[in-house]
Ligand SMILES: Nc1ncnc2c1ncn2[C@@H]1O[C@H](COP(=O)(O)OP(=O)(O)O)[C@@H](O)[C@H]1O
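This document starts with one chain, in the form predicted on its own, laid out as structure tokens.
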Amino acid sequence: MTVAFDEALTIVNQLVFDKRAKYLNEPEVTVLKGAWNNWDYDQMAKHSRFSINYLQRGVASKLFDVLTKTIGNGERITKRNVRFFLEQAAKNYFTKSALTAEHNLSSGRLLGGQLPDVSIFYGRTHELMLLKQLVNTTRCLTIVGASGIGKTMLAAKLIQELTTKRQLNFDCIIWKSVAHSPILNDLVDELLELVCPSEYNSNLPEYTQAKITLLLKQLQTYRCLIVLDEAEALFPINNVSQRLDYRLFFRRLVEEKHESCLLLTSKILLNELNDLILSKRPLFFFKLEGLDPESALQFLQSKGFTDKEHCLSLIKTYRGNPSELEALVEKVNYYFAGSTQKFLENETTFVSSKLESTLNHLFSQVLTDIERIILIYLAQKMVSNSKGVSFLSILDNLKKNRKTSFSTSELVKALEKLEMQSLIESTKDPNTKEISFTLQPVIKKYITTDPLGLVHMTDVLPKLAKIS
């Protein structure tokens, strides 16, 4: 194992601080670097602003005394042998780090980021049971759901239960938020540093695909559960190159043999992953809905809302979305003195800032013209009638729009995508088998109020009267 001077200096500098409560100063570093390069004191002086006499008589002897006590292991350190002891100290540090990591792996400890607090958690019993089965049987699992629906909390609760209830079948668990949209090479580097620090510090390949091969070898050696939270950020709309990089990365993790599992949370089912599902690869898609009425009721009651009938009405309106219900509670407490009765007497639909931010992004960067037309048409129809709008009605409206020319297959594809993004809901008549589509009240409210003017962005879109 080759050790660079800067690596050795960083490690020994910390050891010296631990010994004397003071880091190495500039002249001490000058002497160390000179000794490392086998320079005499004359050469050290030429490469610094210090005199020969000061470096040799004022610095070196005291420095070597400190190093002898710190890393000498009972031997006297001098200018001639200091490089050997610096290299040994660095190698010992790397070996100790690797052993610590291997212990973490063998003991199934959590690596990477900090789990969110799940000490207060409602419902999701069925979802947790299903996820515990899936992480043991599939190579890639994606939890998809609307903003604020509880994807991150569910994944964190799963990890907590796996590690505290003796249900852990993994050597290691890695939790990472990727909301900052790291490039592939950086993410693979971070994963390698966690899974195999000894390789990371010594023989890391130069190219990204070679690094992925090394990561896959580790995932074959150790059974790891890797959680990437907010995975949609890895596929930015305006960065085709990064999307292609991650598409190949996930394809390799899904197709190449290993016993580990990659768990993703995402607001949408990414096209790149959907293609793998359609090709029958070992990847599972799990759509998360809102809390069941009983769990959502417990949540609202814990916030001081005691009228069951009122609570069930709110739960229905906000589809059991914990984040939307939390935001609603704050509004009712602040403006209606905590009275659900007063709020319902003056009922309106609140869109939380979190959901509004997500919708702003979708309408400004993601949605296509046909998807916008569908959403606006549904909102128009539901202003006066809360019933669902049939597929044939949507198709007929699309054909009547002279400014557009979309095929039936394009409509079907757009409806599937909107439903996957939790922007529309579908129901099927049990008798006629006819499918109809509706909007959640919060989605309808955003579209009809259009707070930033993002709903209507092209001249092909119909205008929509705003409502309060």
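In this text, residue numbers run from 1 along the sequence as written. Computed from a predicted model, the values in this text were never measured in an experiment.
Omitted here: the form predicted together with this ligand. The next part is about that form.
K.L.:
How about L86 - does it come within 4.5 Å of this ligand in the predicted complex, if we only consider non-hydrogen atoms?
P.N.:
Outside the cut-off, so no.
K.L.:
Although the partner isn't part of this model, could you tell me whether M153 comes within 4.5 Å of this ligand in the predicted complex, counting any heavy atom of the residue?
P.N.:
Yes, M153 lies within 4.5 Å of this ligand in the predicted complex.
K.L.:
Please run the contact check for R124 against this ligand in the predicted complex: heavy atoms, 4.5 angstroms, yes or no?
P.N.:
Yes, R124 is a contact residue.
K.L.:
Would G388 sit within 4.5 Å of this ligand in the predicted complex, counting heavy atoms only?
P.N.:
Judged by the heavy-atom cut-off of 4.5 Å, G388 is well away from this ligand in the predicted complex.
K.L.:
Can you say which of 338-346, 130-138, 113-121, 181-189 gets within 4.5 Å of this ligand in the predicted complex, counting heavy atoms only?
P.N.:
Stretch 113-121 is the one.
K.L.:
With this ligand left out of view, which of I159, L291, I174, C311 would have a heavy atom within 4.5 Å of it in the predicted complex?
P.N.:
When this ligand is considered in the predicted complex, the option within 4.5 Å is L291.
K.L.:
Under a 4.5 angstroms heavy atom criterion, identify the one residue in K354, K211, R319, R247 near this ligand in the predicted complex.
P.N.:
Contact residue from the list: K354.
K.L.:
Considering only 301-330, what residues come within 4.5 Å of this ligand in the predicted complex, judged by heavy atoms?
P.N.:
Residues within 4.5 Å: P322, S323, E326.
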